[in-house]
Structure formats: structure tokens, C-alpha cells
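Let's start with one chain on its own, the form predicted alone, as C-alpha cells.
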Amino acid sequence: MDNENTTTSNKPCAHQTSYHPVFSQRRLEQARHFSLSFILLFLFWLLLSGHYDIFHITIGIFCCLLVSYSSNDLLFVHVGAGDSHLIIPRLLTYIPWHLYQIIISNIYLAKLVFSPISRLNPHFVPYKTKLTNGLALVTYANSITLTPGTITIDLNDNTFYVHAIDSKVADDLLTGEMEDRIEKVFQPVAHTQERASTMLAAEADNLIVKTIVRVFTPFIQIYGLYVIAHGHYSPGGGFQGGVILAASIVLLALAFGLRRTMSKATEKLTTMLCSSGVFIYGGIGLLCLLLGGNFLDYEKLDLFLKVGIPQARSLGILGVEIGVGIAVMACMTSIFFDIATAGELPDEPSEMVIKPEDALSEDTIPEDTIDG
């Protein structure tokens, strides 16, 4: 029996194929980014809209899916989506404490200003921080500025340069209590430390500007789409919403560089969107003519839609607003690119000529962090 077992154990094992997971860690992280971005943007849409019928909710879902797909990585560069369930509750506990500090500082500053003896002693304070996460650094910088008596002037090499109105305010800053609380909110976990250091190295210049633009751009885009989607019966419309959408792309170009933005919003894409917007606008007007009415005579659309004349007018105007919004966004973006490049748009963004003094400021960030 022993010999038989030995012989069996010595037989060569069959070749095992390597295991390839269907969803890689990167795919799962992207799915988390997309899902959480959609939830945040849809809540923002519901707050703006105030209409909770099926029609408006459907439009909101479509708009939020579109922005989440194109800009979800903007929100979760410094912090992974999987860490948000830890960070958001901590942030909610930090906000009341910071509001209390703002009130206390306001009272102290009022006493200082109205004191019969001037005790103002404004000066600059360099403060070396221990924070390593980009979003934590930006939160700390803005928390300092929001607290009366102190203003963040610059952030360079993890050193804050703060203007303090007197020595007591500066001493309160140097105690590090605010920094400790923010560190607990954005306490980095093991798998984000490497990403945090990489992003800080890539965005060492203008970290605050880039982070603020990255966080607010998806919400600006949702607001632009909201203005378009509600412009047929409320203030707003295609022109206003299209300009807002174009402004979000301009912000990205100003913060992250023209080359990076044009690699996403290419000349081919803007031309195609502009033509599509004009086609939608003209197509609706032509359809009204074919149905026996005048150009953009929306009531004739009821012969095709069968929803009643009032609803047909509403849907016709909404379709025109969408077409105008797309065309205006694409045209404004194209005009900005023309002006920024002096009218010399290359066939490929990589062919753009960079001045020697601009080469040092080029951003070396991952391809998937910027989307417009």
C-alpha cells in the first residue's frame, strides 16, 4: 500500500492554468468611482431640480450617468472611492468643530478691532505640515482661510505660508489642533499612500487650484445640464447651459494645461458636437415643416408624438434647447482653443509647440484623471 501511494504521489501533476480574475482591482476601483460619483451628482441634481416626477428623474439619471462616465476620476484622485465610507462620517464631525472655531475667531477678531488699544501685529507664519494627502492639504489650507484672522498665502513643499493678524492667532495655528483633526479625517490607508505621494509630486505646483477645479468640475457640468434640461419652462436654456459646460472645460485647461485638455476635447470632437447641435435644432424645425406647420411650429409635433399639444410644445422646445446647448458648448470651447493656440490648432495635441518657459510647468498626471 505504501509503494502504491508513493508511486501515485510521484506522478507529475497536470498543468494548471493561471487564474485571471474577471474584474481586476483597477476595474473594481473604477466601478466604485463611477457609482459613488453618480450618487453624489444625482443627489445634487435632485436638490437643484425640485421636480420628482418620472420625466425629470429620467433626465437627471441620464445626465448624471453621462457626467459620471466622463468625469468620475476627477473626484477620486487623492482619495479612493472605497475609503469614502470612512472619510465622509469623519468629515461630518469635523465641520461642526470648524464652525465653532469660526465663531470664536469672529468674536476675538471683533474685540481686537474695536479695542481702544491697537494690538494688531500682522505677520507671516511659515508652517511645516505633516499631512501627505492632497485633499487633506487643500482642506487644511481652506480651513485656515475660512477662520477669521488667518489667510493661507501659499503652499510650497508641504509648507504653508499663512498671514496672521496677531501673535495669538498665529500661536493657535501652531498648536496643530486643526491639523490633527484633518489628519484623522483623511487618515491614509495602506493602499492609498503610494498614490497620494505620486499625485503630490505631479501636482506640486498649484495643488489647491487643481484640487478645487477637479472636485467642482463635475458639479459645474451637472449644473449646466440642469440649466439646459429646465430651460423650456424656467430661467436658463441652451445658451446659458452651453456656456456653463464650456466654462468647465476652460477651467480644466487653465488648471491642468491646454495640451492635456485638448487630448480629451479634441478639435474633431468639438466639430462633431457643434454639427450635431445644429442638426438637432434644424431637424426639429424641419420636422415641423414636414408635418404641415411653420419652422419650429411645435404644436405640429403632436401629430407625431401623440401626447397633446401642450406636451408636444414642451418637448419640442426641450429638444431645441438641447441642440442649442450642445452647439454653444462646442463652439465656445473651440473659440477658446483657437484663441489660446493663436489659431494654430494641430492635428494631434502632441504636436503642439511648447515654449521653453512653459515646458517646466507641464503636468505629469495620469491620462485617466482628466476628462471633460
Partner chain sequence: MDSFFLGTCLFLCLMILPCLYRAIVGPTVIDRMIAVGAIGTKTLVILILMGFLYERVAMFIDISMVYAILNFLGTLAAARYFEMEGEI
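Predicted model, so just to flag it, every value in this text is computed and none were measured. Positions refer to the first chain, counted from 1.
Although not depicted, the form predicted together with the partner chain is the subject of the following passage.
Of the candidate stretches 171-179, 279-287, 240-248, 121-129, only 240-248 has residues whose heavy atoms lie within 4.5 Å of the partner chain in the predicted complex.
Between the partner chain and the residues N206, T271, N158, S263, the one pair within 4.5 Å by heavy atoms in the predicted complex involves N206. For the candidate set L112, L254, I104, I87, a heavy atom within 4.5 Å of the partner chain in the predicted complex is found for exactly one residue, namely L254.
The shortest heavy atom separation between P96 and the partner chain in the predicted complex exceeds 4.5 Å. The shortest heavy atom separation between Y140 and the partner chain in the predicted complex exceeds 4.5 Å. Shown alone here, V213 lies within 4.5 Å of the partner chain in the predicted complex, counting heavy atoms only.
Although the partner is absent here, I151 lies well away from the partner chain in the predicted complex, with no heavy atom inside 4.5 Å. The three residues F42, W45 and G50 each lack any heavy atom within 4.5 Å of the partner chain in the predicted complex. Of all the residues from 225-249, those having a non-hydrogen atom no more than 4.5 Å from the partner chain in the predicted complex are Y226, S234, P235, I244, A247.
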